[in-house]
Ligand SMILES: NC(=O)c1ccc[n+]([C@@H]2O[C@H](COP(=O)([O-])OP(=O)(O)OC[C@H]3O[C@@H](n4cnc5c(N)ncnc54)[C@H](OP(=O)(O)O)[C@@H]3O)[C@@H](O)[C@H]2O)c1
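Heads up, the chain below is alone and in the form predicted on its own; it's given as structure tokens.
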């Protein structure tokens, strides 16, 4: 007699991390319940549920694993009150919990605080229920043309034929591909060592911000030019850009952060569940909406 495949419930399943996670779950033999706000086509091994945290559809009483690929604070609040039982819960947060906690921007500090509180709430809820939660914190995500940083840079550069950075944009970054994050989620779900822990998930290569942007531009056709300007000149150009409705959310805090090293240690994730992200080799399709 063959046993039934394990069931995974995936929140944020139609998002940039959720979609590659669905594919990996299917290949690994899981039966998937996937939650989305929009109607999705049903497949043999993925059953789509239409709803949101505010309008939750009917859920089974128990699943083998729950994956939260959407906003961590909303997921943590749902989990605290959920009647569904699951021995394994994997939730994506963000390294913004570290990066933005001391920001000069009050809105950014609020983001960091909400992430921190969500993590604490998740771990407390899991302990009370006798379940095991793991939190995964990606760095700068790319690969699905749905991120708000590199895809946006590529879009602006394509439109104008060039891209401008301040000369101070030399802080180190570790961009991480969405498929490496999906692989990490599945590996962490099977790793007992990850129970009750949070992990930073950087990409497989550390490079300067300006070099990261140059590689993105270099994979486009034709490749836009990169201009690096003195910081005062860049700030003046930002004023002009805002008058034209461009870069309205490019804050002083964001500009300052371009010069800061945002580097995280992958060793705990490597040790506990074999995390092995790829180096940063961008391709145009990674920044082209489909």
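Numbering follows the first chain given and starts at 1. The structure displayed is predicted, hence computed values, not measured ones.
Here the subject shifts to the form predicted in complex with the ligand, a form of this protein not shown in this document.
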Check, residue by residue, if 37, 93 and 139 all come within 4.5 Å of the ligand in the predicted bound form, counting heavy atoms only. yes
Consider the chain as shown here, without its partner, and state which of 146, 129, 158, 100 has a heavy atom within 4.5 Å of the ligand in the predicted bound form. 146
None of 197, 215, 116, 74 but one has a heavy atom within 4.5 Å of the ligand in the predicted bound form; the exception is 74
Residues in which of 7-15, 263-271, 21-29, 278-286 have heavy atoms within 4.5 Å of the ligand in the predicted bound form? 7-15
